[in-house]
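This document starts with one chain, in the form predicted alone, laid out as structure tokens.
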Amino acid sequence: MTEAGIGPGKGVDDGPSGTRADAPGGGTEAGNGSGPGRGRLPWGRRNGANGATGGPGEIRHLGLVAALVLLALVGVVTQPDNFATSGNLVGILALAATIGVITVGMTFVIIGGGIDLSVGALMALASVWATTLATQSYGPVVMVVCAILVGTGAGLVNGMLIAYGRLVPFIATLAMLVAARGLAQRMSDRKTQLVRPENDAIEALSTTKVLGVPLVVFIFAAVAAAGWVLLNRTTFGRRTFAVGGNPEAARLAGINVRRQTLALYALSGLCCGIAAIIIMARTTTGSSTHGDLYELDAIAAVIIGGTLLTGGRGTLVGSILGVLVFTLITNLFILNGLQTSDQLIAKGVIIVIAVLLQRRGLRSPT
């Protein structure tokens, strides 16, 4: 069995049945149509359907951009003295950075056919672990490495449970959510751990500005750009679409589905570790309460960005726009003194509408 060396405009040689599959960019079917490789391969739906290169996805992106403009107008009208200030706009971007980095990893997991409920707890665990006195005594570099290793390691555990333990992603990551949050509470004794003054390089990530924009925003932009390249320009990304669209077809095409699943959850954990660094920089603390309900915000951003919860289709651009929409809504609610409960209701309504639009789009001929 050969590896699925698939790429846009490039074929897949000799699947298990000796078939030849066309590339995702072509969006066509298996070559001679015999054996297990018969029929349209999962990544063949990527073109247009997921919005990567046109079609409904681009329309959705325009809709999200229009929503951002509308929300900005609401902010200008309702809070003319507070909304359109440089401090508030920079604050919106800084707030979006933390959830945005987590959302990048979540997008990969959902396109790959899974879900990760543990991202908020992993971020909390990574921040607590990195701010223990023992870790801080070695300096900021060790703290950063520790946060990344803890996040990635926990993500690998998720992937092992799902790929090799055959647990349902919902159950495995829910268990990790509970366990990671509990471990963070035990390590910190439910106390907020301060970043020590000698580790001011951590805080500098938040206070240092380039062209008036905090450095953490550029970290978010770099993660998003790297994620876009990985998803849309590499074999890893094409395998992610394939595994999420039809794991059995992907397996028959020569893709190691278990290894790909393991890598996807490790990637999500890595993003949690990076997000932990960002929130440590913003708050100069590590806490077991960090990232509370962030998993819901990340999943919601991915959904309204157009990624199917069933996997196989989605775009990172849509997810990033979804993050900005939710962050802007949060900012408007805070500026206008509205209740947090109202904010949650509004987000819930938006999620339901997004899912209904997805279902309508699936029923419509493409």
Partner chain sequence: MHENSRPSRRNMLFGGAVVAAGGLAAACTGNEPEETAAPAAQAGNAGGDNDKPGQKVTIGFSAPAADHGWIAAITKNAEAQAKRYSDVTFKPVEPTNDINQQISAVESLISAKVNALVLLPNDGEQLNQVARKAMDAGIPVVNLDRVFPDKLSYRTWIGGDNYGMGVAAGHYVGKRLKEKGVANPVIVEIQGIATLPLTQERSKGFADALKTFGFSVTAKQDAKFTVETGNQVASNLLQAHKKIDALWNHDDDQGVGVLAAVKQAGRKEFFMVGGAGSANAMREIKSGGVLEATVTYSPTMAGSALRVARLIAQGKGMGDLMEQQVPQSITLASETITRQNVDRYLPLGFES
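Rigid core here is just the name for the largest C-alpha set that superposes within 1.5 Å across the two forms. Positions refer to the first chain, counted from 1. Keep in mind the model is a prediction, meaning the values are calculated, not measured.
There is also a form predicted in complex with its partner chain; it is not shown, and the following applies to it.
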property	result
Interface stretch in the predicted complex with its partner chain - options 313 to 321, 61 to 69, 326 to 334, 299 to 307, non-hydrogen atom within 4.5 Å	326 to 334
Met106, Arg166 and Thr235 all contacting its partner chain in the predicted complex, non-hydrogen atom within 4.5 Å	no
Contact label in the predicted complex: Lys209 to its partner chain, heavy atom within 4.5 Å	yes
Heavy atom of Val142 within 4.5 Å of its partner chain in the predicted complex	no
Contact label in the predicted complex: Gly151 to its partner chain, heavy atom within 4.5 Å	no
Residue contact check: Asn88 to its partner chain in the predicted complex, 4.5 Å heavy atom	yes
Candidate from Leu183, Val257, Leu95, Ala263 lying within 4.5 Å of its partner chain in the predicted complex - any heavy atom	Leu95
Thr135 C-alpha moves between this form and the one not shown by 2 Å or more, core aligned	no
Core-aligned CA displacement of Thr310 at least 2 Å between this form and the one not shown	no
Threshold 2 Å Cα movement between this form and the one not shown at Leu68, rigid core reference	no
